[in-house]
Ligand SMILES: Cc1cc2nc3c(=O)[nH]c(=O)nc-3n(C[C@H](O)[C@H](O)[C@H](O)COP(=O)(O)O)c2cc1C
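Only one chain is included here, represented as structure tokens and corresponding to the form predicted alone.
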């Protein structure tokens, strides 16, 4: 159970994998309990100039500076309408640099999915930081909350071990909750500089950031008990899923591990998680706690 959503597996596909909602059903067929389409913007966008994606095979990581390339809201809406029978397992990630853009995306996609993700934290897209300002974020989330009839998750930026960075990130989270958000994605990719990318910077994902995801989920859970949290960042195994859920995540999302592990990975991670639950006697994912067995 995640913010009232009943999902067949707590392991979902993160936003960015299917930006235009073209193959969400095949992702579910692979074994994901839910899949997130987008991030969808009001108008079509080309994204950042190339080169904009680097694989770091040794570290099982990716650095991306994609921006938000996509065909826009009309195309995403049309494709999601064709997936109505699977809508209980679908999320839509939406974003924009002004409130009106985001509100239009939310209004048109909300009826077609189980929940909406508000992406205010992509490190590769200019203009999103405007919604890190508490007043602007509060106004946006309150406007969505007035019309929403299903859960709203806010995708948080990552934060360092620095006390001030943690304070700022958790202030964003607290502001969103008090304005009407139902939960969070913790978190987005981690900003890094890299001269190989045309824009010189991007977002790091994959195995190197997992330890930070564990810390951030634990800190978010401590600061915001009772709020739904989806852990995202560096999940590469069922043990990783177990660890995130034991520190407070209600579900997880992944993307980069699928690149390295292949299409059978979601089924394998579900199977391994079930075996671990049997070993510990956990009857549901809500009973997962402590260090992973084995």
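Numbering follows the first chain given and starts at 1. Values in this document were obtained by computation on a predicted structure and should not be read as measured data.
There is also a form predicted in complex with the ligand; it is not shown, and the following applies to it.
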(Q) Let me test this: is every residue among 173, 183 and 223 within 4.5 Å of the ligand in the predicted complex, going by heavy atom positions? (A) no
Q: Answer for residue 16 alone: is it within 4.5 Å of the ligand in the predicted complex, judged on heavy atom distances?
A: yes
Q: Would you check, heavy atoms only and a 4.5 Å threshold, whether residue 28 touches the ligand in the predicted complex?
A: no
Q.
residue 206 versus the ligand, in the predicted complex: is there a non-hydrogen atom within 4.5 Å?
A. yes
Q: Using the partner position in the predicted complex, report whether residue 234 sits within 4.5 Å of the ligand, counting heavy atoms only.
A: yes
Q) in the predicted complex, which of the stretches 81-89, 99-107, 188-196, 132-140 has residues with heavy atoms within 4.5 Å of the ligand? A) 188-196
Q) Within 4.5 Å of the ligand in the predicted complex, heavy atoms considered, which of 241, 35, 229, 254? A) 254
Q. Considering only 146-172, what residues come within 4.5 Å of the ligand in the predicted complex, judged by heavy atoms?
A. 155
